[in-house]
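Starting off, we have a lone chain in the form predicted alone, written out as structure tokens.
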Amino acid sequence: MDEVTLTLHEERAARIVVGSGALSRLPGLVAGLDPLNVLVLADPGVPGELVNDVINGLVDRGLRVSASTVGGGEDVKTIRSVENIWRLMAASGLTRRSLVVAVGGGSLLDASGFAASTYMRGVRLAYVPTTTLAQADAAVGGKNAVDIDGWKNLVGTFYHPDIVVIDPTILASLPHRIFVDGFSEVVKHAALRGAGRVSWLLTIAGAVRARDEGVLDEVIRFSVMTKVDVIRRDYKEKGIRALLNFGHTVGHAIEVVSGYRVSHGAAVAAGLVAEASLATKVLGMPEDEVSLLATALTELGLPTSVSYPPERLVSAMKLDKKFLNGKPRIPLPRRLGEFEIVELDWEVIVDWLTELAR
């Protein structure tokens, strides 16, 4: 089991515990913050016994605990849902000395983090991510956001939880689609590390699909520690953190155009391959490395393409908050492990997407 401290600024440090059995550490970590009271917010998709284990562990430490189930999936990432969470916080008597514990997938963590960062200008926060996507990526980094009128992550904050407990054994009971969905982010992190790491994922893909506990533990730790390394160097996304958006320019556009019928993981998987193919044209990325990336995704059970009309994807991209001067700025690999931010003309994007759609 690994424990790392992510120092965000002088006054605040986040403790991240990752590894099989990490959930047992949660009550002690929470008690160490000495909260006035605790509100547990649970995703409806989380098994009741897991939520009860969290609540009972906190109660056994003598903490005052209230709990509520809130929505899950992209539907929870709305201002209306956040208003409901604020009301739950008020009704539970939360103050700045209180703590919110969010138990669920990435969307619930996003909404809970946004609510916690704004209620009384910030209450303490802990995450227990319960999906592959949340464990491998969403729970670490401090980005919290909601969607507005279908536009992805348009309003948000930087506010990292005080505690993140990532226990890969939780993933054993996930439905297949939700289980594989998060591995697009693992592949993205491997791509940032280089072709050797993508090849490593390819060699263990069978064991991952079989949910081998030791292999899952290793993969989730790798993904978390890769992201922690980036966040330590660039918390507010002024430089290197933007590389974590590889695959997400196209991926987010696919989500929006599909009306979120395409999951985040599937959309990002398609986005990774699409953006790598763009890199072959503008940066000379080797074709065999694009194939390696696509093969790893396929072996992990993810799609490598999702087809939508180019004009609709471009329309969705144009509201991307990461663009400057009206032009798309996309992190692209010159080769796996060697990335740069590229600013392109829209004509290049349209021509590329049109070619992909043929």
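Numbering starts at 1 and runs along the sequence shown. These numbers come from a predicted model, not from an experiment.
The protein also exists as the form predicted together with a small molecule; that form is not presented, and the subsequent description refers to it.
Residue in contact with the small molecule in the predicted complex (any heavy atom within 4.5 Å), chosen from G196, G259, P175, G284: P175. Shown without its partner, this chain lists I55, A316, V46, A294 as candidates; in the predicted complex, only V46 has a non-hydrogen atom within 4.5 angstroms of the small molecule.
The stretch among 273-281, 203-211, 71-79, 118-126 whose residues place heavy atoms within 4.5 Å of the small molecule in the predicted complex is 71-79.
With respect to the small molecule in the predicted complex, the three residues A191, T226 and R233 uniformly fall beyond 4.5 angstroms at the level of their nearest heavy atom. When contacts are judged by a 4.5 Å heavy atom cut-off, N153 counts as touching the small molecule in the predicted complex. Heavy atoms of T130 reach within 4.5 Å of the small molecule in the predicted complex, making it an interface residue.
Proximity of S107 to the small molecule in the predicted complex falls within the 4.5 Å heavy atom cutoff. Put simply, R221 is far from the small molecule in the predicted complex: not one heavy atom of it is within 4.5 Å.
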